[in-house]
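What follows is a single chain, given as structure tokens, in the form predicted on its own.
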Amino acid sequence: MKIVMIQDKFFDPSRVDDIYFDRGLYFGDGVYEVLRSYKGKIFALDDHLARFERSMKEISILGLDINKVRERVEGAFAKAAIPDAKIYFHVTRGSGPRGHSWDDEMKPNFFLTVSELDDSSEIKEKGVAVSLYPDLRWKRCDIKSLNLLANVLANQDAVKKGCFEAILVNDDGYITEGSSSAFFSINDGKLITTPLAKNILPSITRKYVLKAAKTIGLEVIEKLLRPEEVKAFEETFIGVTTRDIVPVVEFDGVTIGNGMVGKLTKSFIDTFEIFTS
């Protein structure tokens, strides 16, 4: 490597911080997690750490001990002193000369932020609109990879349409999930959601939604749905780590139910609050 340019300035490569050569920047070569706290208590930390550890193993990042990650998360959360916080962290394979293969001795790079969460009470009361977008993601969405360009494009399309979220539809015409959420529908007293597979993220919120369904007394059906089916259903909502249950009252331009947050969706919101208390 002869020179480095950052913006319009030239630098000697030996004097440039290694973070500029991070494989996360070059390739999205890393994995991440997002979790949150409620009233000073981190929610589902063990679940998130287990998923993070699995993601690391799936892409062979082996140089970071999960107990050390726990220490960093808990330490940063305590230092930030934000009762209702969003905690984001990621690990990349490390820094080095750009090349598709890697050195097994490469030291992983870890990054973490703690920030205050926005109030989500209004969207829970009024519900949100969602739009459809083709699922252009890679085939291993069960790994929480830093490769999120397809998700970003989908969500930006939704925002341009005045919607809160993009619901992804695969090449066969079936709904997979949201660009950053799990997707649920309610019809005939049953909760319907996409079954987990390699193209679906094992959402932590999804896990607790299914637990809430048992508490409420709803049968859970895991099956693929087409958008036209959902448009005729009684209620729909999405599950997002930073906001938990978000009611959907408009689906790709079609009003769901009576256009208001449904009774059973409210039950899910109330039950989820019990889990987080």
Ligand code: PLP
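Since this is a predicted model, take the numbers as computed values, not measurements. All residue numbers refer to positions in the sequence shown, first residue = 1.
Only in words, not in the display: the form predicted in complex with this ligand, which the text now covers.
Colleague: Using a 4.5 Å heavy atom cut-off, which of 187-195, 155-163, 83-91, 201-209 contacts this ligand in the predicted complex?
Modeller: Of the options given, it is 201-209.
Colleague: What is the one choice in 95, 120, 170, 151 with a heavy atom within 4.5 Å of this ligand in the predicted complex?
Modeller: Contact with this ligand in the predicted complex is made by 151 alone.
Colleague: Ok, 241, 37, 55, 236: which has a heavy atom sitting within 4.5 Å of this ligand in the predicted complex?
Modeller: Contact residue from the list: 241.
Colleague: If you check in the predicted complex, is residue 147 within 4.5 Å of this ligand, heavy atoms only?
Modeller: Heavy-atom contact with this ligand at 4.5 Å: absent for residue 147.
Colleague: Answer with yes or no whether residue 132 is in contact with this ligand in the predicted complex, where contact means some heavy atom within 4.5 Å.
Modeller: Contact with this ligand, no.
Colleague: Is there a non-hydrogen atom of residue 109 within 4.5 angstroms of a non-hydrogen atom of this ligand in the predicted complex?
Modeller: Outside the cut-off, so no.
Colleague: Mark residue 32 yes when one of its heavy atoms lies within 4.5 Å of a heavy atom of this ligand in the predicted complex, and no otherwise.
Modeller: Taking the distances in the predicted complex, the answer for residue 32 is yes, it comes within 4.5 Å of this ligand.
Colleague: For the stretch 179-200, I need every residue with any heavy atom inside 4.5 Å of this ligand in the predicted complex, listed N to C.
Modeller: 179, 180, 181, 182 sit within 4.5 Å of the partner.
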